[in-house]
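A single chain comes next, written as structure tokens; it is the form predicted alone.
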Amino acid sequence: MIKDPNSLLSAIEALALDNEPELKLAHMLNALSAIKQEIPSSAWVGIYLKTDGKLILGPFQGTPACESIRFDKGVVGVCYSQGKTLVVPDVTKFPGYISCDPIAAQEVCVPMCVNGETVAVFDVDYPAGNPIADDAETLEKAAALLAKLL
């Protein structure tokens, strides 16, 4: 569960408002680090970026992850295809789930849009037993702010 949603969103917003193009990647990495620290129960926090016909691993905080995901596979791919936030309290029950980290048992994925087009997916993995639905609204706001850094 996110410790202080307002503080987290304020920190990400400050990074997203900085228009220095050469710092966008650094800002994205710092924002993801802040998110990971504000959700101590998270196993992994990161972004998958849309490319030609698939999503590829972008900036993240956590253990090594799947590098390429088809649009129709796993929570990340389905989130992208459906263009809506997915809150999955038990990934083992999600059809086509892609296991990248054995600790991840729950997942929240949020589509990231730029000019009305989904260009990435913000993904947060959690171990079992976390109230992930409580984080979904804040993660949607964070994804909107992070999209400004793409």
Ligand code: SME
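Note that residue numbering begins at 1 and tracks the sequence as displayed. Since the structure is predicted, the reported quantities are computational estimates derived from the model, not experimental observations.
Another form, the form predicted in complex with the ligand, is not on view; read the next lines as being about it.
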Checklist entry - Is M28 a contact residue for the ligand in the model of the complex, using a 4.5 Å heavy atom cut-off? => result no
Checklist entry - Just to confirm, E38 within 4.5 Å of the ligand in the model of the complex by heavy atoms? => result no
Next on the checklist: Contact with the ligand in the model of the complex for A105, defined as at least one heavy atom pair within 4.5 Å: yes or no?
Outcome noted: no
Item to check | the ligand contact in the model of the complex: C113, any heavy atom under 4.5 Å | outcome: no
Checklist entry - Heavy atom within 4.5 Å of the ligand in the model of the complex: which of V119, I56, V87, I98? => result I98
Item to check | Sequence-ordered residues of 107-134 touching the ligand in the model of the complex, heavy atom within 4.5 Å | outcome: E107, D123, D125
